[in-house]
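Heads up, the chain below is alone and in the form predicted on its own; it's given as structure tokens.
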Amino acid sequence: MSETPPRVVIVGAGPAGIRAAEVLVAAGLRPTVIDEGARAGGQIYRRPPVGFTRTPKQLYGSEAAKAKALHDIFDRVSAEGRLIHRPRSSVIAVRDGVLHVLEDAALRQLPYDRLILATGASDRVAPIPGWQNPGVYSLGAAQIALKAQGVALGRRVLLAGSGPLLTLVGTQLLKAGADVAAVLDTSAWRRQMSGISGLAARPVFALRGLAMRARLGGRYRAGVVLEGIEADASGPVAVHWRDAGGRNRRTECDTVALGWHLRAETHLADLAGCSFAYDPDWSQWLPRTDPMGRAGNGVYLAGDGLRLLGSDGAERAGRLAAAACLTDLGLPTVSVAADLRRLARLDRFARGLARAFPWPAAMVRALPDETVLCRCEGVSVGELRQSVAFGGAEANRAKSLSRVGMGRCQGRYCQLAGAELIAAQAGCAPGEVGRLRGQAPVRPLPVGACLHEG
């Protein structure tokens, strides 16, 4: 009687998950791939609905060939039955070697022997006065609407934040014919130049970014300070900001999209028992693994949920995680030396980006008390500051006193700003504040789903 094949589950069908699945399938395994999207590709290579007429070149620009290659790989092995694809499914909890998956409005249990988490990242946002109004989105949301449905989220769109995504979304909207009012970058030119040594690790990519910046023309402004969003009952009316010279500005718009690079999606890694360390370059807590992505207890991490290295890094990290999994199972695997060397180079580039386009710590610390910090629970900056006076500089204690991070996003949008504010109030570094503990379910789910668990 033959041995039962190991149950390997991959969470996420972006670049990391697809490459991990490819390696496992080539080794003769039949992994299960769980993804919240209807079709594989992840956020970066998100696919529109079937019948959508825009070409890959129009959707992904210079990344079109890579996107199509990944889509084709996954579609082929899935059609051949060499993997199990569970789309439109969300893992909402991990415990004792079992995934709890929300699928078809029911909660299902999926045991695993090995688990590869390729959960990606979401926008890293910072609060500004007025950001709680309707019509204020993240940069990722603006990009998803454009990719998935071919629409801009407003008639006159203002983008603000910092990082490559800010420039990319701006140029994509312009190319699609949208009216982009302004692209406001909180990183000053001098600060951007400070990361040039790291950016030299990928000169072609850096030059491509500069070319996109040039297409924005006078819409792009560096070194700004965001003062607030003016809004009426329908949403944004204008954004108030100060330019690099300290002059007050007002730019009319009806939609605002905000984002400061990315925030690793780590809730499942937390529930799976992974350890974390504060990364001062990225100003956030990131999981700890070995160079191959091993986190212990049969769990492996890959992609932006581990290290914020972009799609190229995610592909290689996916291969490494799958190779580590095969090695631990005693199965032959692919050579990993080239992938490890490439990841080291990508890490240098990514840290150059982090230095050039930093988290706006000073802006967050200077927020007025009346600014809404937690949009889910309506908690203000002042209420969080007051909780520190009562409970001290510990993230979970401040959460219990103020309700920051208790809403449906579980701190995805407010935790980093909250840590910055707590640290400022207590006179310590953000890394000393600690991180909010992960809680299940990691996504909202209908109560009725719990009645059909099985």
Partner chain sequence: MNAAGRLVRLAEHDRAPVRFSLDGHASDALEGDTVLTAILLSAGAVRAPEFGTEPRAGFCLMGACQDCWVWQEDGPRLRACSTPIAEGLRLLTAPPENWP
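Positions refer to the first chain, counted from 1. All values derive from a computational prediction rather than experimental measurement.
Not on display, but discussed next: the form predicted together with the partner chain.
K.L.:
Tell me, which of 150, 296, 87, 280 has a heavy atom within 4.5 angstroms of the partner chain in the predicted complex?
P.N.:
Contact residue from the list: 150.
K.L.:
Just one of 141, 182, 271, 354 has a heavy atom within 4.5 Å of the partner chain in the predicted complex. Which one?
P.N.:
Going through each option in turn, the one that passes is 141.
K.L.:
Any of the heavy atoms of residue 110 lying within 4.5 Å of the partner chain in the predicted complex?
P.N.:
No.
K.L.:
Give a yes or no for residue 100: in the predicted complex, does one of its heavy atoms lie within 4.5 Å of a heavy atom belonging to the partner chain?
P.N.:
No, no contact at 4.5 Å.
K.L.:
Using 4.5 Å between non-hydrogen atoms, is residue 254 touching the partner chain in the predicted complex?
P.N.:
Residue 254: yes, in contact with the partner chain in the predicted complex.
K.L.:
My question is simply whether residue 415 lines the interface with the partner chain in the predicted complex - judged by any non-hydrogen atom within 4.5 Å.
P.N.:
Heavy-atom contact with the partner chain at 4.5 Å: absent for residue 415.
K.L.:
Does the trio 43, 135 and 234 actually contact the partner chain in the predicted complex, every residue with a heavy atom within 4.5 Å?
P.N.:
Yes, the whole candidate spot contacts the partner chain.
K.L.:
Please name which of the stretches 382 to 390, 425 to 433, 62 to 70, 404 to 412 has residues with heavy atoms lying within 4.5 Å of the partner chain in the predicted complex.
P.N.:
Checking each option against the 4.5 Å cut-off leaves 404 to 412.
K.L.:
Residue by residue through 29 to 59, tell me which have a non-hydrogen atom within 4.5 angstroms of the partner chain in the predicted complex.
P.N.:
Heavy-atom contacts to the partner chain in the predicted complex: 36, 43, 46, 49, 51, 52, 53, 54.
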